[in-house]
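Single chain ahead, written as structure tokens, the form predicted alone.
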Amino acid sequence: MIKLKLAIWFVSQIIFLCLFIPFNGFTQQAVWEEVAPGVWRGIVGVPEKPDFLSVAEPDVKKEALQRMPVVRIPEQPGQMVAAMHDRSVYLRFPLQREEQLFGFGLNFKTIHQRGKVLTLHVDHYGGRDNGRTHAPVPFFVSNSGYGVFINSARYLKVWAGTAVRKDSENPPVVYDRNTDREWTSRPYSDAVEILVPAEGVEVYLFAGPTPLDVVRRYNLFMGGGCLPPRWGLGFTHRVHSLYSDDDVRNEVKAFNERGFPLDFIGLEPGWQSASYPCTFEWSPERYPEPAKFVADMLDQGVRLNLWINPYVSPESPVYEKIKKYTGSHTVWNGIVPDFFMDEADEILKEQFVRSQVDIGISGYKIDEVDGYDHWLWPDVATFPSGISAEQMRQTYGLKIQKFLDELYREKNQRTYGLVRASNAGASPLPFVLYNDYYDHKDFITALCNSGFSGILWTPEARGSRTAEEWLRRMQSVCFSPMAMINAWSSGTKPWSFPEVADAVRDITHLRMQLMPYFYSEFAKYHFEGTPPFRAMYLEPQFNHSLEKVRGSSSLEENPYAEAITREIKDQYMAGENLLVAPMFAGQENRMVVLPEGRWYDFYTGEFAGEGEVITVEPGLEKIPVFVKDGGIVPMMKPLLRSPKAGEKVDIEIRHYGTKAGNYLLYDDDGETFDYEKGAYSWRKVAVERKESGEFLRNISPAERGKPDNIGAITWKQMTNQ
């Protein structure tokens, strides 16, 4: 054993020395090893643990990766060079002049990341895209068809095409500001430079050929996307923090009487006997009989989701047991469990299973694992596992997601919940990000960005100043990964604005009608890595570049104002066939940029445009949605609850446009992990056009022994011929 350890140390030192031979301030290029189809790893120095892959422990979907196009290592990022200085690794990746970058996690204001200086640091979002965010994933995607992942759980500093080396092979043109109108305060930079504060790091390259293929490879390498239970894609309502069991019963009754769908209720901090910090025990005043209450809700087809943060109150029954497995600092006077210690996991697991999961609780909302610095543990904190406070902060949201996911996996029961912080490797985990920020437009930009990084985001609705704003927010919510009202503070109801209550009901019904489509798209996320909600820049036929605009009208106000390219950040793809263009309060019309090909109005089937910029005026009660030519959209009746396991559902299959179309309709039991053992089916839907112009429609039969929850099938041709 000692000889083996010495041999490993000797080889690591040779690798270290080979990679750090000085070369004009940088070292020679890294040596790359293909570790999965279309994925290469380079090791610089001696990487440290924990890193994101050791925390996420991904089940790499190699078979799915093998079905993707055969590719070579991306030549451009493969020319990465690295250097070691001051116990840190410097990485440099070349950039082409017209290249654009996407990713780096959950950004709220921008999609284009070239020209940014970022510090990737888990934190509550503070209103600026500077890298301090809820999911600062160290993965970026180029429109040239490659991606780069830095597998380090440190606070990384990124200069994404901003810095200029004096020995650059592609230096910027030198202008005289006195006489040259082309002078700029941001000269052309030909590289992404990243500082990793560690003595080594793993770097992964992902090939395309398209940016969408890059993202798919990344998600499959991380284990594929999550597949929520069907009920997770229904409608959810989080009730006021201090609601009692009777208050919740009355809430469910009101939803039923008013005809609003409801699949799961979220109980906020008041379900516990004390919170901030948490006891993880039911309040005897508000919930005197929790098991009976949970059973009553399940009998009505309504599941319950519990709010928690992980900071343990001195009043908690697990406080004394877990105390020695917690960090040196407290959060809101609660001790911080070290999830890198099995003992801490087991103590919390026993508490959660006994008092919550075993009585039928279906999921959790994990709050306050993101930041702010003034209340979260500081970087000088210590933890009994020996993990640094910095690495703990970067991975804490990831660890607690895995902890809760495993509780439900042991019961063969899928869950779907919320989390305030996440990071690389999260794509298989059934949690959706949210925060306390509340800008509708920025929420849509975040939804666009989420698809680049293997994370999910909900533009939740909490409250509004006007009925118009409320309806517009609800429309966006219903075209997102989680259709949610979060009324923990305001007590808002879907019908809080009577003048738009009918329109709000209609959009929630549309969400339920689209469940077969959204469920199939999440299945593609799991099996193929395709994000179900994604920016237009991942759509293969989208190549628009809008005019450049100057950031300030007066150089006296801003002497360094730059001309910037307008981003398309307020519309997105929802699955394979739907383009969604949300409306915002005060808008009567809006611009929509259509990708190449013919597009049709979702509601009417009428032709909308072909690879062009259009202006739409949908009226208050509709969110603009468009379907690509040949697009197929399976829909069901607007049930008030999602279908249960084994429940047959009639399907209407809509076809848009004049082209033939194909679609894969997914089916399984909707609740368990049996699909991982092969208990699922894909029904092939095809619409072919005859020479006469008529359409032939077909859906493949259910496979014998496979799930078959599809009842009667009807077809609807949406576009007149």
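The model shown is predicted, which means the values in this text are computed figures rather than measured ones. Counting begins at 1, following the sequence as shown.
As for the form predicted together with a small molecule, it is not shown, yet the points below apply to it.
- Only one of 377-385, 363-371, 423-431, 344-352 lies within 4.5 Å of the small molecule in the predicted bound form by heavy atoms, and it is 363-371.
- Contact check for G630: every heavy atom lies farther than 4.5 Å from the small molecule in the predicted bound form.
- Contact annotation for N486: at least one heavy atom lies within 4.5 Å of the small molecule in the predicted bound form.
- Contact check for E289: every heavy atom lies farther than 4.5 Å from the small molecule in the predicted bound form.
- Taking the partner from the other structure, the small molecule in the predicted bound form has a heavy atom within 4.5 Å of a heavy atom of Y276.
- With the partner removed from view, the residue among Y517, Y204, W307, F221 that has a non-hydrogen atom within 4.5 Å of the small molecule in the predicted bound form turns out to be W307.
- Contact with the small molecule in the predicted bound form, judged by any heavy atom within 4.5 Å, is made by just one of E647, D436, D650, D296: D436.
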